[in-house]
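The form predicted alone is given below as one chain in C-alpha cells.
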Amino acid sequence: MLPLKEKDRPIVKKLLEAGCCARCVLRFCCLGVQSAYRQSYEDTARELCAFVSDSENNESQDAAVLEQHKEDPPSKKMKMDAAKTDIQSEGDSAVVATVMEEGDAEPADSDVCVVCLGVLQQFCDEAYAIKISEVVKAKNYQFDTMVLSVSLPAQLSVREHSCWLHVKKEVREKSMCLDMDDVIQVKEAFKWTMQGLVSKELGGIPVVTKINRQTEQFEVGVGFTHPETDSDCHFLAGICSDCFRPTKNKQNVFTRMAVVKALEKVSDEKFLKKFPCPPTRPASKCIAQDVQCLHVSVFVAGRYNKFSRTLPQTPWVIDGERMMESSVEELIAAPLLSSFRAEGFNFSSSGREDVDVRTLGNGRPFALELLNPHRARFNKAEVRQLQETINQSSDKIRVRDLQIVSRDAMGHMKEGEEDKTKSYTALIWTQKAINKDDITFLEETKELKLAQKTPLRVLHRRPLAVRERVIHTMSTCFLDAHHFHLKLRTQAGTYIKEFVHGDFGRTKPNLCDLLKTETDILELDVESVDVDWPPSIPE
C-alpha cells in the first residue's frame, strides 16, 4: 500500500485530473519512500485510483446518511447499492481517466504525463534497465560501483512549476503547506526506480545515485529530449532576459540552470499569464538519447629524463605543419593509453625544456591525466612493467618513479613552483679570448637578481612582462680560450639562454655585461628540478 495520508487526497485528485502520471502524483505528495516508486507503474496507478475512490465513496455515504434524516429512504441496502453504482459510473472514470482507460486494466499508452513527459511512465521499467546494462557491458569497463545520472529537458522545470501552482490553491484552501522544495525531483524518482533494476541486470553491482569521487568513479548517464515542447521555456526570456544571455560555448541558452533561475525570479501572476496551468497534454513521450559511460580520470605521475636535443616536450606544430616526428609526452603516453584503454590524455610537468635542451639528473616531474579509462586498477608490479615498457620504447627518454596518484596530489607539482630551484649546465662561447682567471669571479657571485622581459622567442605565446628572477650560485669549468662550462642554480622560471646572450638587452644584467664580451650558449642541460614530488620509488 502507498503510504499516503488523508491530506493527500485533494492533491492526488487534482493532479490526476490535470494529467499527471502516477509517479508524478507521488512526487507532489512529497512521498520520499523509495519503495513506493519501485513498484510497477500499473500497481501504483491502481492504488491511486482506489485511494481517490475511497474518498468519493466516503463522501457519498455521508451524503446518504444526511438524506436519511430528511426523508424516509426505500431501504438502506438499496440506497448503498445505488450510491456505489453512481460512483463507479461517474466518479472513477472522471477523476482517473489520465491514469487508467475506463474499463481497461492497463495504463493508456497515449496518456503522456503533462509534467515528466513520459520519463517516469515509459522509461522506468525492466526493459529500459536491460538496455542500459547492455550498453555498459558492451563498453567493457572495469568498475565495482556505478553511479546512475540522468539529464532531463529544461522544460520539465516549467511544467513542474505550472503543476505546483495548480495544486497550490487547493492546498491553501485546505490550510495545508506545500513548498516547491519539498516536491521530489523527477531525477530522484527516476533513480530510485531504476537503480535496483539496473543493478540486477549487471549481476548485483551496486548502483548509487550520488557521486562520491573517492568511492564511486564510474558514471552511466541517460538523457532525454522532447522536441515537441522545447518552446515551453521561451516565454521566460521575455520576462527574465538576464538569465538567458548567449555565450560562446552555449549552443542553447535555455539550459536547466538558466530556466530554474528564471522561475525563481518570475512572479506567479506573470507566469500564469504566459503559461497554461495545468500544462497542456503532449502528444508524444520523451525521446531517450544514447546511454553514455564515463570513468573518472586516472592520474599517473613520475619523472622523465630527456637525452635528445631534437625532441620537443610536446608536439611541435608551426602553421599546421608538424616539425618533429615525436615528443616526450607522446612517448610516455602511448603505452599508458593502451594499457588503461583511455580515450585521451592531458600532459603537465614542472616547467618545460626547449627542444635542444636535455633533462638529466633525477629528471623532471610530470603527470598525465588519462581520460575515460576503461581499466583503472593496476598493482605495483603492473605499474613497474608499464614503466619498463615506456623505457624500452625509445632511447630518447627514460621514466622513473612511475605511480598512480590522486587528483589532489597533482597540486603538489605546481605548489610554489616559482620558489623552487633548478640546476643547469651550459656550454658557453665567448667572442673575446679568455683565460681561467677571467671567469673565476662568477663563482663568487651569489643571489644575482635579474630583470627579464618576456623573451622574443616566446613573446607570441606569453604576455609581455618584466619578471624578477634570481641566480643563487654559479660555478665554472674552463675549457679553452673561447669556451667554458657554466653551472647555475637558479630560481625556477629563469630564462637561462637569455641570461647568457642578453636577448638584445631584454635581460639585465646578463653574462655579456658581466664578462664584457659577446657570449652565447651552445648547449644546455637541466641537471635537477628541485620539486619533492612525486615520491621516489626504489628501483
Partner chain sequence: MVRYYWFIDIGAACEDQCILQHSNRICVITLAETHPILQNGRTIKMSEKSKRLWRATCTSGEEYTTYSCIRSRLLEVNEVILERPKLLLGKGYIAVILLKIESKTVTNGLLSREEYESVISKRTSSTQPEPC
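Residue numbers count along the first chain shown, from 1. Computed from a prediction, not measured in an experiment: that's the story for all the values here.
As for the form predicted in complex with its partner chain, it is not shown, yet the points below apply to it.
**Student:** Taking the partner as it appears in the predicted complex, which of 21-29, 512-520, 526-534, 8-16 has residues with heavy atoms within 4.5 Å of its partner chain?
**Tutor:** Contact-bearing stretch, as computed: 512-520.
**Student:** Since the partner isn't included here, can you check whether its partner chain sits close to all of Lys187, Val260 and Leu263 in the predicted complex (heavy atom within 4.5 Å for each)?
**Tutor:** Checking in the predicted complex: none of Lys187, Val260 and Leu263 is within 4.5 Å of its partner chain.
**Student:** Flag Arg457 as yes or no: does it have a non-hydrogen atom within 4.5 angstroms of any non-hydrogen atom of its partner chain in the predicted complex?
**Tutor:** Within the cut-off, so yes.
**Student:** Is Ala283 close enough to touch its partner chain in the predicted complex, meaning at least one heavy atom pair within 4.5 Å?
**Tutor:** No, Ala283 is distant from the partner.
**Student:** Within a 4.5 Å heavy atom cut-off, is Lys420 in contact with its partner chain in the predicted complex?
**Tutor:** Residue-level check for Lys420: no, no contact with its partner chain.
**Student:** Would you classify Phe504 as touching its partner chain in the predicted complex, given a 4.5 Å non-hydrogen atom cut-off?
**Tutor:** Phe504 belongs to the contact set for its partner chain.
**Student:** Find the only residue in Asp356, Glu468, Glu134, Glu382 having a heavy atom within 4.5 Å of its partner chain in the predicted complex.
**Tutor:** Checked against the cut-off, the match is Asp356.
**Student:** Out of Lys497, Arg489, His485, Arg46, which one falls within 4.5 Å of its partner chain in the predicted complex, going by heavy atoms?
**Tutor:** Selected residue: Lys497.
**Student:** Using a 4.5 Å cut-off on heavy atoms, which residues of 1-21 contact its partner chain in the predicted complex?
**Tutor:** Sequence-ordered list is empty.
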